[in-house]
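Take a look at this one chain, the form predicted alone, written out in structure tokens.
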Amino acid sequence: MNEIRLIIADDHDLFRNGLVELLKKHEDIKIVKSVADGFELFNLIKEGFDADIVLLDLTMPKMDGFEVLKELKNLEAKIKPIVISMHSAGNYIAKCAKMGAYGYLLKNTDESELIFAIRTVQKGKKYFSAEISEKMINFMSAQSVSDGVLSNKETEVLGLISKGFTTKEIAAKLFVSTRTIETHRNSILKKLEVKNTAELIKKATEINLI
């Protein structure tokens, strides 16, 4: 029996410990480490820690799941990421697939699907359930409609607004003045025909811009 060496990366102790208890019942799966954020995970990888698969949460402090996927891809690391998240929106799923995720599971998935996904990915295949695939395809279909609405810079600013950054913080991140960010922000509001940030986030989500 080939042993599957697995790391769990999730900042919620209760969920992480629950996964450990669930997975250790399966003889072919060995949990070699569990970590609370992407920063800890990358410290392990840089130290040459050997694992086949990482079960990866998206929302983590210090270094989130998207940043982990990006770095794993840049490093061409052998460890295969399976995202396990509470986010069921198609944009999250499509983004993860594009960034190299081998699978995407929701946190309410059952044990049998989790084990099946792990064993499938271990064989070098990808696992996206029919439900997850449909959400991703629906998003990608809608994406083609909303493409080109905003400029690249406006899209970048919108992404930072959606993450809760202030105008001053966005200006610092993009190395421009706050006035420039305000100009982009007003342009975005005008193009999307909304009046404030709450309406902006709602509209941008609806048309899959974030």
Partner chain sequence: MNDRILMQLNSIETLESIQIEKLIKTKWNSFASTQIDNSDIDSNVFRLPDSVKAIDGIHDLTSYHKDKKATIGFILNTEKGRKIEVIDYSDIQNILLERTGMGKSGETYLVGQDFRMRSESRFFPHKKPYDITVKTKGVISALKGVNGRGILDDYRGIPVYSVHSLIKISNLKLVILSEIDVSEVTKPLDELKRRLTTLTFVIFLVAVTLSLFLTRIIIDPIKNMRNSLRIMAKGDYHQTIEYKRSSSEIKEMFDALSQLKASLQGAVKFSEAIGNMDLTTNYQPNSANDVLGKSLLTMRDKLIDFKHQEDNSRTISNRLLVNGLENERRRLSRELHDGVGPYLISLKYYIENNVENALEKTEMKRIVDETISEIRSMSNALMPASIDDFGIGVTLTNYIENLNRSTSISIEYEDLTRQENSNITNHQAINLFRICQELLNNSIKHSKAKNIRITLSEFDEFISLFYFDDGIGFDINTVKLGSGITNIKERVDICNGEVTINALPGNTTFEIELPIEL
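Residue numbers count along the first chain shown, from 1. The shown structure was predicted, so the numbers you read here are calculated from the model rather than taken from an experiment. Between two forms, the rigid core is the largest collection of C-alphas that superpose within 1.5 Å.
The form predicted together with the partner chain is left out here; the points below concern that form.
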item	value
All of K135, K153 and L174 with a heavy atom within 4.5 Å of the partner chain in the model of the complex	yes
Candidate stretches 181-189, 46-54, 161-169, 28-36, one within 4.5 Å of the partner chain in the model of the complex by heavy atom	181-189
Contact test in the model of the complex: V194 vs the partner chain, heavy atoms, 4.5 Å	no
is_contact(Q122, the partner chain) in the model of the complex, heavy atom dist at most 4.5 Å	no
Contact of K202 with the partner chain in the model of the complex (heavy atom, 4.5 Å)	no
Contact test in the model of the complex: I84 vs the partner chain, heavy atoms, 4.5 Å	yes
Stretch 45-67: residues contacting the partner chain in the model of the complex, 4.5 Å heavy atom cut-off	T59, F66
Threshold 2 Å Cα movement between this form and the one not shown at E154, rigid core reference	yes
Cα displacement of I188 between this form and the one not shown reaching 2 Å, rigid core superposed	yes
